[in-house]
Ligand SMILES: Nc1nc2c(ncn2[C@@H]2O[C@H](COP(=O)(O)OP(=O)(O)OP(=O)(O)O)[C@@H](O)[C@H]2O)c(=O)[nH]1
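Here we start with a single chain on its own, the form predicted alone, put down as structure tokens.
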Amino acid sequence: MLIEDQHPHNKHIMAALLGKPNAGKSTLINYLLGFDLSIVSSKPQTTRNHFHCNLTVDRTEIVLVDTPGIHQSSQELNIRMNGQAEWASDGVDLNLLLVDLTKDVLSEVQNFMKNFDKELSETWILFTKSDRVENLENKNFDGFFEKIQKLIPAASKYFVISPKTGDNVHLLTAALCDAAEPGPHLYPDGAVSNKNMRFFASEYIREQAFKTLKEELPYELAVVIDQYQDPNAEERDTKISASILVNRPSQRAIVVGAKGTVIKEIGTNARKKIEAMVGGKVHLNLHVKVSPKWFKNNFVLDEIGLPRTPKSHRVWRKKS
């Protein structure tokens, strides 16, 4: 039943974007939204939390749930990331499984299902990165899809797209609009996500750390927002203080850089992206802290939005 202050022709659909790391989930979301909401880098498992990304086409609200890439790992951090993707598929109307065309398609699906600890409901297959495949017209996608259906009986459609160039993405958007059911919009005020700016500030800082450091720093890096102050009557600017967590003192030296040059570059680039998001000036203060084995610490993992899962190990918690 539509609530009174919404248009009677409103429609809604929620879809979880699933797949292995670097399949193009965040790139597809950013293309559809028209700006970079979800962070992207060349490092695998860049996305760690699931969250809503909302776009509206005419009277149809499409809520896409971005998720971490499903992968095999015995590390507590990675187990919780997989759990984020599994939880994201609960309660959605549709699953969109992205399959990288630059790799062996069937192996990609098999490996995904091996590490995805639940049965998929209604699923569409998105063959991605079509712009990087030669002789695309000679590929037997019908044959690929028939074999995938044996692995995923709930798979009902497939699309061949490029999240980077937008090739055929309009076909996917049209199909989502057609599949949407009449109902109220979850975000009638135009919000683009269920996460607040505190969350995105930490994401943008981490993204810029990955881009600046490239291969110099291992994956063992997290960002915690220590203080986030919105503008008020006295202060017109947003003030943010954040900590970049690393595992070892040697890593701290890498992130700080000679005379602070690296941390300054990270902060400058992150601040620009946050300012574009909030639409105003931002004062960003960054610190680098050594937090040994933070990726096993309940306190830290909870703080960055990764709660325990049924598969979680017994992990130690920081003493108060």
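The numbering used is simple: start at 1 and walk along the sequence shown. Since this is a predicted model, take the numbers as computed values, not measurements.
A second form of this protein, the form predicted together with this ligand, is not displayed here; the remarks below concern that form.
> Tell me which of 183 to 191, 243 to 251, 146 to 154, 121 to 129 has residues with heavy atoms within 4.5 angstroms of this ligand in the predicted complex?
Careful reading of the contacts points to 121 to 129.
> In the predicted complex, does residue 82 have a heavy atom within 4.5 Å of this ligand?
Judged by the heavy-atom cut-off of 4.5 Å, residue 82 is well away from this ligand in the predicted complex.
> According to a 4.5 angstroms non-hydrogen atom cut-off, is residue 40 in contact with this ligand in the predicted complex?
Yes, contact at 4.5 Å.
> Contact with this ligand in the predicted complex for residue 26, defined as at least one heavy atom pair within 4.5 Å: yes or no?
Answer yes; at least one heavy atom of residue 26 falls within 4.5 Å of this ligand in the predicted complex.
> With heavy atoms only and a cut-off of 4.5 Å, decide whether residue 11 touches this ligand in the predicted complex.
Taking the distances in the predicted complex, the answer for residue 11 is no, it never comes within 4.5 Å of this ligand.
> So this ligand isn't shown here. In the predicted complex, which residue out of 238, 78, 208, 162 has a non-hydrogen atom within 4.5 Å of it?
Filtering the options by heavy-atom distance leaves 162.
> What is the one choice in 46, 291, 54, 60 with a heavy atom within 4.5 Å of this ligand in the predicted complex?
Comparing distances to this ligand in the predicted complex, the residue within 4.5 Å is 46.
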